[in-house]
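What follows is one chain in structure tokens, specifically the form predicted alone.
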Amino acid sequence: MSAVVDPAPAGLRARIADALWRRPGLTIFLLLTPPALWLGIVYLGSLFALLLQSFYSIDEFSGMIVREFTLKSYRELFTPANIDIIIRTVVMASLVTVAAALVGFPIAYFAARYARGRWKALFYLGVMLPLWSSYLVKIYAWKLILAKEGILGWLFETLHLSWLLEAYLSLPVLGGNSLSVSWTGTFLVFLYVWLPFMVLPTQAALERVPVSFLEASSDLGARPAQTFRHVLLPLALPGVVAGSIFTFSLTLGDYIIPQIIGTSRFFLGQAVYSYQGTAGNIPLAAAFTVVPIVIMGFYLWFAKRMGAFDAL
């Protein structure tokens, strides 16, 4: 005796599918509502709560948060010591971004123009491989490399160039007891960790530059430097700016690298971590977090005008 299958569920599914097919706006609404709620409640809600906290203050005697509207935290933010933290972080992020563009552009150009087949696969593997390893493992590995007894120190000693390294470490701002506790060491590790985020968008932008444009420029008598300046660079610039969004923002907010490698001078991320955790001054920590949000807002506006979002 065969079992009787109730056709109601299949009929209900068919009616729902038919209703969604006839109303594409309803389909889009149902698909976008869950991520929109997540974005609105979790992401934008947390940003609003953060902004609200920055307008509170902390009682200096009890250490309790006074939930009254005030600009005290922002006045503290503009003290010379805190301004120094902001300038130091922005300068580091800018230098890392420029260096990543200078180092990453030739790599991306070679991959876009000359790498084919197996070599292109090796290129992607070489660029992406550092991203697959542990973040902390990479930083501590660099700490060992840059230490006075590390590989780099051994290499300088083997080449009888220890005097050159010592001379560099004696420089007032850039040097230190060793590269692992210097501003230079922090810069090198930032550059290593975030370089893939510059190479990949630049390589994608360079692949979209037609070879015929470069050939036409050469046929018209332009020298290689002129072709690069007037043809290749303007067309690839959106990819470079897109990569700079990642390198600049990631450097701006990172607090682990300067905490492990570098001097004792704070960066923005370390200041937020210290004021929120050790000092318990949540309003000032919230005011500090508003700084990179404002900076990145202007940076993204500039990047959009440069067409960077087309290369993401």
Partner chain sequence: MTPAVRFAGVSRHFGPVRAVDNVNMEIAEGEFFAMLGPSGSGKTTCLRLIGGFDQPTAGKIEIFGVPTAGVPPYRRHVNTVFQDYALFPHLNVRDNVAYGLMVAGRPKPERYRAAEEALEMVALPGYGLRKPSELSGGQRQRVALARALVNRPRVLLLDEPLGALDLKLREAMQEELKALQRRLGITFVFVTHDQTEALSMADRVAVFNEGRIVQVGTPQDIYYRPRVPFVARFVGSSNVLPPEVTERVAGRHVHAAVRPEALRLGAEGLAATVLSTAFHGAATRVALEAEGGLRLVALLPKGVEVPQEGACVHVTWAREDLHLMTEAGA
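Quick caveat, the model's predicted, so the values are computed rather than measured. Residue numbers count along the first chain shown, from 1.
Although it is not shown, the form predicted together with the partner chain is what the next lines describe.
Trainee: Report the residue, out of L220, V173, L129, I87, that has at least one non-hydrogen atom within 4.5 angstroms of the partner chain in the model of the complex.
Mentor: It is L220.
Trainee: If you check L195, A147, V231, L237 against the partner chain in the model of the complex, which one has a heavy atom within 4.5 Å?
Mentor: None of the other options qualify; the answer is V231.
Trainee: Is T79 close to the partner chain in the model of the complex, meaning a heavy atom pair under 4.5 Å apart or at it?
Mentor: Outside the cut-off, so no.
Trainee: Just to confirm, Q226 within 4.5 Å of the partner chain in the model of the complex by heavy atoms?
Mentor: Close contact exists here: in the model of the complex, Q226 approaches the partner chain to within 4.5 Å, heavy atoms only.
Trainee: Check E207 for me: does it contact the partner chain in the model of the complex (non-hydrogen atoms, 4.5 angstroms)?
Mentor: Residue-level check for E207: no, no contact with the partner chain.
Trainee: Look up in the model of the complex whether A216 has a non-hydrogen atom within 4.5 angstroms of the partner chain, and give yes or no.
Mentor: Because a heavy atom of A216 falls inside 4.5 Å of the partner chain in the model of the complex, the answer is yes.
Trainee: Where does the partner chain sit in the model of the complex: which of 139-147, 108-116, 207-215, 159-167, heavy atoms within 4.5 Å?
Mentor: Partner-contacting stretch among the options: 207-215.
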